[in-house]
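One chain follows as C-alpha cells, the form predicted on its own.
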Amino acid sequence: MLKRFALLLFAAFLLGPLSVNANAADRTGTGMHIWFDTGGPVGGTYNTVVYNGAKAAAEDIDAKITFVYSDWSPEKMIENFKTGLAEKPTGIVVMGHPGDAAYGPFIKEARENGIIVTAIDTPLPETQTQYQSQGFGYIGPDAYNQGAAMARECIQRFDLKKGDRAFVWGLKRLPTRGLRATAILDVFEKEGVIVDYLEISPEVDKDPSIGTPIVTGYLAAHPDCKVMVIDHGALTAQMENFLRTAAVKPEDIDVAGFSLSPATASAIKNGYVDLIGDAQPFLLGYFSVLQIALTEKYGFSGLNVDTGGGFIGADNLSLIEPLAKQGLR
C-alpha cells in the first residue's frame, strides 16, 4: 500500500503540487531548504541519477536544494552531515552507509533543532524506528532481498550448478549496505556454487577505473570462473573495459551487476554484461525530497518505499536505454 501511495503522490506532483493554487508562493516546497548527500563522487554514474531525481523534485515543488558529494566514504558522509547541521536546512537526505551507530548522535541533534532527516539507498532501521513518526523514511531497495533475488536470477539464467565457480565483488564491511553481498553469498553457497569473494576497497569504491588489474588478475588465476557478480553500479559500468583488457570474450563469462548507466547499456548490447539489478535511483532522489517537504508542510510520517526488484538484460534493454541516456534510469 505504501508503495502504491507513494507512486500516486509521484504522479500527483508531476501533474501539479498538492496545493490548489499553482502560484509559486503556494507550492509545497516554497521557502524550504534541503541538504542532499548524493553519496558518490561528482559525475558518478549512479549518484548522478539520484541527483537528477532530487533536482527534478526540488524544481517541481519550488524548494532550494544543496548537493554534497561523499565519494562513497562513510566518514565523509558523516562530515557532510555535520556541515549540513550548521546550515540549519529544513531537512537532510542521507545515504545510510555509515550505519545507525555512526549517524545516531547527529540525527538526534538534527531533530532537536527541528531538522527533518530521511534516508535513501541504504536503510537505517533503528533510526527509522525511532523517528519515522517525525518524517524519517527510507527510499531504496531492500539490500538483502535484492541480493538474494539477484543470486537466484543468476542461477536460473546462467544455469549455475553445484561446483561451478563464481566471483562476487562487494561491500560486506558496510553496515546494512553489505547485506546485498551477504545475500548473494548465502544463496550461492546454499546451492553449492564455489564462491570467490573480494571486498571492494575504499580506493576502488571511489574510483572504479582503477579496478582493471583486479579483474584481469583474478581471471588469469581462475579461468574456470563462470559468473562474475559486481555489487557496485559504477564498477558494473566499467566491466566491458575490464574484460576487453583481460582479452575475455563476451561468450567466455556471464556478468551480473547493479544500476543501469549509458556505459552499462552499451556493455549489455556488446555482450559483456548480461544482467542488471535495477534500484531505480531517480526515485531515490525524487521521493526523498518529497518526503521532507510533505513532512514539513503536512506532518506526514516517513514513507518506506522499496525501489528494487527489477532486472534488465538484452531482452528488455530497448525499453529502458533511452531513459538511461536522459539520466532517468
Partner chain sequence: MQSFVDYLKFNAVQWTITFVFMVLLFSFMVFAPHTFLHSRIYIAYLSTIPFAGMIAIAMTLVVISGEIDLSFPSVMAASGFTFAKAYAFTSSPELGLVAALATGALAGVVNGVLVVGFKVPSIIATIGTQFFWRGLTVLLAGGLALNMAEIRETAFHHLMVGRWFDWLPAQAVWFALLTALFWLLLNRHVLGDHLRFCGDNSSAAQMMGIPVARTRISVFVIMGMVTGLSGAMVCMEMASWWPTQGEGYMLLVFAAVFVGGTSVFGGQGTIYGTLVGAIIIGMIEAGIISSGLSGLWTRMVYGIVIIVSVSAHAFLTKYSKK
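For the two forms, the rigid core is made up of the largest set of C-alpha atoms that agree within 1.5 Å on superposition. Fair warning: this is a prediction, and the values are worked out from it, not measured in the lab. Residue numbers count along the first chain shown, from 1.
We do not show the form predicted together with its partner chain, though everything after this point is about it.
- The closest heavy atom approach of residue 96 to its partner chain in the predicted complex falls outside 4.5 Å.
- Contact between residue 240 and its partner chain in the predicted complex is found at the 4.5 Å heavy atom cutoff.
- For residue 202, a non-hydrogen atom is located within 4.5 Å of its partner chain in the predicted complex, even though that partner is not displayed.
- Contact check for residue 206: a non-hydrogen atom falls within 4.5 Å of its partner chain in the predicted complex.
- Considering its partner chain in the predicted complex, the lone stretch of 58-66, 286-294, 37-45, 299-307 in range is 37-45 [heavy atom distance within 4.5 Å].
- Interface residue among 198, 194, 102, 85 relative to its partner chain in the predicted complex, by the heavy atom within 4.5 Å criterion: 198.
- Taking its partner chain as positioned in the predicted complex, the residues of 299-329 that bring a heavy atom within 4.5 Å of it are, in sequence order, 325, 326, 327.
- A movement of the C-alpha atom of residue 114 falling short of 2 angstroms is seen between the shown form and the other one when the two forms are aligned on their rigid core.
- Taking the rigid core as fixed, one finds a CA shift for residue 202 of 2 Å or more between the shown form and the other one.
- Once both forms are fitted on their rigid core, the CA atom of residue 82 lies less than 2 Å apart between the shown form and the other one.
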